[in-house]
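Have a look below at one chain only, the form predicted alone, in structure tokens format.
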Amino acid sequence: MINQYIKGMLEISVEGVNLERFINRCNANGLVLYSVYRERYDLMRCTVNLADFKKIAVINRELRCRIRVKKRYGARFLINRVKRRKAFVIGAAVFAVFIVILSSSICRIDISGINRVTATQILEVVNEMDAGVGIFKAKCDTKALEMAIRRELPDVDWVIVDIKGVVMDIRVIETVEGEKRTDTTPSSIVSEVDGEIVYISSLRGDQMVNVGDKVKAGQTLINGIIDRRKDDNYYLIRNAMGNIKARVEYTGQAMIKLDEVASRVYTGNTTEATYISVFGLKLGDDKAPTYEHYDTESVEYNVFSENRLFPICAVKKTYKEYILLSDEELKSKAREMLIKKACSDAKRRIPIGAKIEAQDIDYSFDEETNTFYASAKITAVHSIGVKKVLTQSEIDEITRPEGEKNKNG
């Protein structure tokens, strides 16, 4: 119906004594009539496709009904009407462009959580980063802006910049007055494992790697020694701070012998039989079930205590049906158990909270020993940065003049 509306539709009235023949002719020629409504015996209304109107006129030559167009629907007629109003079209286009530009730009900046720090100080940092009112949201790097505010304003302990619609929301937590930050020991952030960087946010320190870089365990990710010799001819020794996530591969191994896999699979069908045993004679129902394979569990209840003269007891037997797996089914079950064991071996090395992206399983079968072997490779994304305290020798090695380094080397 939408396609017909786009192409155009007409509401018509058909007047004449041959209305039934008119409808039958239209159906025979594949012409669809919508919303047919008969007002009286010689007058009806209906809606037709614009493309079918000429065909209806040809059919009507023999029937000689009077056809009149009452209404026109569709995008085609709407466009024809709009074409005659050029000022309206231009105004609508300008308005649409204006709305798009406004919705893509920052129109207001809200700052909360400040006490000692003033809004003017924060806005100065924002303007220095070219992220003020009027900037396109796509060009606003919120992470870089957060780092700049923390770097330039020592009284800011934590800040988050969030863009909500056309509003930039800056939430600040200031440092406790009279107290230092919890950790001021000069340190760097190094990689705990091998991996590929997928996200890095350096809040304090020199960023040494970028997204997409492959790093090794122990490699420095954010250096606590900031080299500013090119511009200011000095070093900053800081406690590095940041968040680094990487894609890390974990492997797990497992093996299982075919003999260790249970060949029995219980179906869940059970049958119970209860009887009384008196001097070895059975009184009651003790018929075996009709199952092909089954296990038996017996429970005895002594009527009298042991070592009495009357050995009478009640016996309850439970028969559990099971089926024996074929060789192929046994191997399939062994593979499923093997995959679970290999994945569990790999996952026990993955930190809690890591996001698992993919897993790959390779397995083989040794026919001589009837043993399956499997190797699982799981890719997970998690934080890999750990603190490494800078020793004085490391600081001296990096910060001493180049001439002394060459002389000692």
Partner chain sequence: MKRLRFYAGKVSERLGIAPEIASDIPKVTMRGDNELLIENHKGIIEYSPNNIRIGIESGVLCIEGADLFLNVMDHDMVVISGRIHHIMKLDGGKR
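For clarity, a rigid core is taken as the largest C-alpha set superposing within 1.5 Å between two forms. Positions refer to the first chain, counted from 1. Owing to the predicted nature of the structure, the values given are computational and were not obtained by experimental measurement.
What comes next is about the form predicted in complex with its partner chain, which is not displayed.
Proximity to its partner chain in the predicted complex, defined as a heavy atom within 4.5 Å, singles out one entry of A57, V69, V32, L63, which is V32. Only one of V386, L10, L390, I23 lies close to its partner chain in the predicted complex, with a heavy atom inside 4.5 Å, and it is I23.
Per the 4.5 Å heavy atom criterion, its partner chain in the predicted complex is contacted by stretch 34 to 42, the sole one of 34 to 42, 349 to 357, 368 to 376, 336 to 344.
Of the heavy atoms in S364, none are within 4.5 Å of its partner chain in the predicted complex.
After superposition on the rigid core, the Cα of R348 moves by less than 2 Å between this form and the one not shown.
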